[in-house]
Structures are given as C-alpha cells and as structure tokens.
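Shown below, as structure tokens, is a lone chain in the form predicted on its own; questions about how it binds or moves come after it.
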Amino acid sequence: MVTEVIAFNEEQELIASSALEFLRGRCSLDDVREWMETETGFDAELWREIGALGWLGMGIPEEFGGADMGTTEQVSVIEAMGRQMFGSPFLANSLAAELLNRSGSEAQKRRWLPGLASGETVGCVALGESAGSWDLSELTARAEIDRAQIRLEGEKCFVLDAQNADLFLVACSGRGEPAVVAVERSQLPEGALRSERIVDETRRSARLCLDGVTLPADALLPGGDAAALRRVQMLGALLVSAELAGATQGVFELTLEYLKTRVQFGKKIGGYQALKHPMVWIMVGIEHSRSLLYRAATLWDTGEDASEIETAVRMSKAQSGEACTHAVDRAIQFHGAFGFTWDCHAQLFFRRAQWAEYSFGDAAHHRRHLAGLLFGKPAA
C-alpha cells in the first residue's frame, strides 16, 4: 500500500482552524508576557479549558478518557500554540501520555492516563542528562531493581515543566538496559527539584535529583525499553517541529504588520524591495517546514515503515529549526534598534526559536543521522 504524501482531511482542518481561533482570542503576546512572570508560566484556568476541549487527551485511547486521535491532530494544535507563543505543559504532558500509553501496564494506564487527559494531572518525561548527549543508550541515572523496590540515583537535566508536574517518567539504566520508572511528586524528597534558567522564559525547566528516591517495584513501566525511549524522543522532535513551524508563521505576521505601518523617509518600509525579498524567503521557509511537518505526521499515523518515519521527522526538525531561526533574525533586524530591546515581541519568538532548535536535537544532529538513513553513512 502506498502512503499518502500528506493526509489532511476536513476534520483535521477544522481542529486546526478552531485551535488557532481559540488561542487568538485567549492568548495575546501581552498575555504571554504576563504569564512569564508567574511561578508556573501559564494560566491555570486556560489549561483547564483546553483539557475540557479534549486537546490534552488527543493521543490517549477513549477507554482512558482520551479522544483517541492521531498525531496529525496534535501537530495542528501545537502549531497554533507556537504561532501564538502559548506557554503551557502541553508538550511535556503529551510526551508523558505517549510513553505511558505505549509502555505502561494496564494498571498504570488506568491510574494516570485519565488525569493526563483531563489536565488534573500534569505529566513530564525526564530524558536529558548533564553530558548533553541525545543518545538515550548512554544513561548515567541508575535504577537498582529488585522484587520489593526500586532505588534511584543520579540526576536528570532540563526536565521540561518539572516544576508543574505531578508525574515524572524517568529514563534510567536498570539491570544494564534502558528503563523507565514512574515517580509521583509526593515520592520526591525535599530539594529534589532545582529550577533552571533557560533562554525561553515562557518555559519551565528543572534538574531532578534522584538520589535517595525509593519506589515500589510496580513503578517500573514494563515496556519502557530503548525502543520506547527512541519513539518518545522522535515524537518530541516532531511536536517541537510543529511549534517551530507555528512560531515562524507568527513572527512573519508580526513583522509584516510592522512593515505595513512603520514609515521611514516618507514611505512605509514594507514598500522597499530590500525588505520584500527576505519576507518572501521567510514565506518559502514556512511552506517547506509545514510540508515536511505534515508529511512526517502522516507517516507517524500510518506507522508502516519505522525508517521512513524517522527520516521524515529528522528532515522536519532540521528544516523547521533553521527556518524559524532565520525568520526571527530578520524580524529583529527589520524592527531596527527597537528589535534588540526586550519590549519588542520579536524577542519572544527569538528565544523560543533558540530553545526549540536545540530541543530533541539540532539541525546538525539530525542531518548526521539522515546521512545514514539516506546514504548508508554512519552518524558521526
């Protein structure tokens, strides 16, 4: 069977347009700046609303309170979020739901998935470590597993939305193999979480110290192996690609509005050819990003060829990161001296692009792997 290049039906288009309309009415860039100053970084009431809309349960089966939709629907919603610079634990929660749904036992799913779908429980995944490697086979955090309990030691870094999380799915080495354990906030000792300052202040990130954490044996996810971790890492890259594609469109619109209103030498600056041409290239970058993004989402939902899916996701992440970085660079330059100040909204997009470019692998990392996937060359 030949997979469609891009599958995007009327229902998916309706979800995408309604998500964008909803966020445009509830999430202005001034709102984003206000939420950045809070402890959580997002609006709790709005979080409950998107839970009621079913967004949080898109990838969760109906039997556990979800909507049982595809990755394409998730991608369309997170693209709208990127466009509006919406900050929330949506990405972290979605990855936790995917990992738990794919790797958890029936009891674990029934215990935690309904809360993740409704928004009553916030989940996150703890993948990164201080070495900075994206290779999850090189885990230094360890789990000593016996019949009665699990003892953890080590540290996880850049745990997205750890400060807001109730449930942590922690990647570690257990019995010499990659493993995943579920840790509830109440099981963490005092001081286990240390906030990290990252470039994108709409985000929350923390270090998680695992030393002294003891869990019951049933905290181990039975399917949490190396393949499960690779899958959630690829999904993270895909969802961040969607956010980058949305952010590129958002900063394009912000810049276009400025070019249509700013007057210099008696003429609106958008009329100058030196500014028109770069804006066209930003538009081209947006179209390239969205084409690769929805191709990857289509393949992900069919699930037919793992190598083809990985290739599509890596191409999407590399393209989206570079397109967004280029767009925000032009936006700052076109805003003139104001663009370099904190008060200019282009700065919000710049910081988001910097964070997202390096999350789940930058363009150089993904292209090294693409060399092997496409040409049979090993990744350096």
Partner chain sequence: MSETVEPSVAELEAFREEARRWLDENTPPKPDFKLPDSFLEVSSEEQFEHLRAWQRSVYDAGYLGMTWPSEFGGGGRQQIYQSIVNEEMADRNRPFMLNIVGLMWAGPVILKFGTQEQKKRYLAPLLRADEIWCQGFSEPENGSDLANVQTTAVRDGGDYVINGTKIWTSLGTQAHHMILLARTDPNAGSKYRGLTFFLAPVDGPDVEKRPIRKMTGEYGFNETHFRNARVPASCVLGEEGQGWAIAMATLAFERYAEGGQAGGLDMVQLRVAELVEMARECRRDGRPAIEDPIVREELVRLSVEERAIDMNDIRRNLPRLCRERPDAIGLMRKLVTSEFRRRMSRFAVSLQGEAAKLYIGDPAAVEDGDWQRHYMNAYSVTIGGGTSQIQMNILGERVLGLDKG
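As the structure is a computational prediction, the values presented were derived from the model and not from experiment. Positions refer to the first chain, counted from 1.
Just so it is clear, the following notes concern the form predicted together with its partner chain, a form of the same protein that is not shown.
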| request: Considering only heavy atoms, tell me if residue 290 and its partner chain come within 4.5 Å of each other in the predicted bound form. | output: yes
| task | Check whether residue 158 has any heavy atom within 4.5 Å of a heavy atom of its partner chain in the predicted bound form, and answer yes or no. | result | no
| task | Tell me, yes or no, whether residue 107 is in contact with its partner chain in the predicted bound form, where a contact means a heavy atom of each within 4.5 Å. | result | no
| task | Would you please decide whether residue 249 lies within 4.5 angstroms of its partner chain in the predicted bound form, comparing each non-hydrogen atom pair? | result | yes
| Heavy atom within 4.5 Å of its partner chain in the predicted bound form: which of 284, 131, 306, 217? | 284
| Stretch in contact, per heavy atom within 4.5 angstroms of its partner chain in the predicted bound form, of 257-265, 141-149, 226-234, 175-183 | 257-265
| field | Triple contact flag 28, 48 and 136 to its partner chain in the predicted bound form, non-hydrogen atom at 4.5 angstroms | value | no
| message | Going through 241-280, which residues have a heavy atom within 4.5 Å of its partner chain in the predicted bound form? Please give them in sequence order. | response | 249, 252, 253, 256, 259, 260, 267, 268, 270, 271, 273, 276, 277, 279, 280
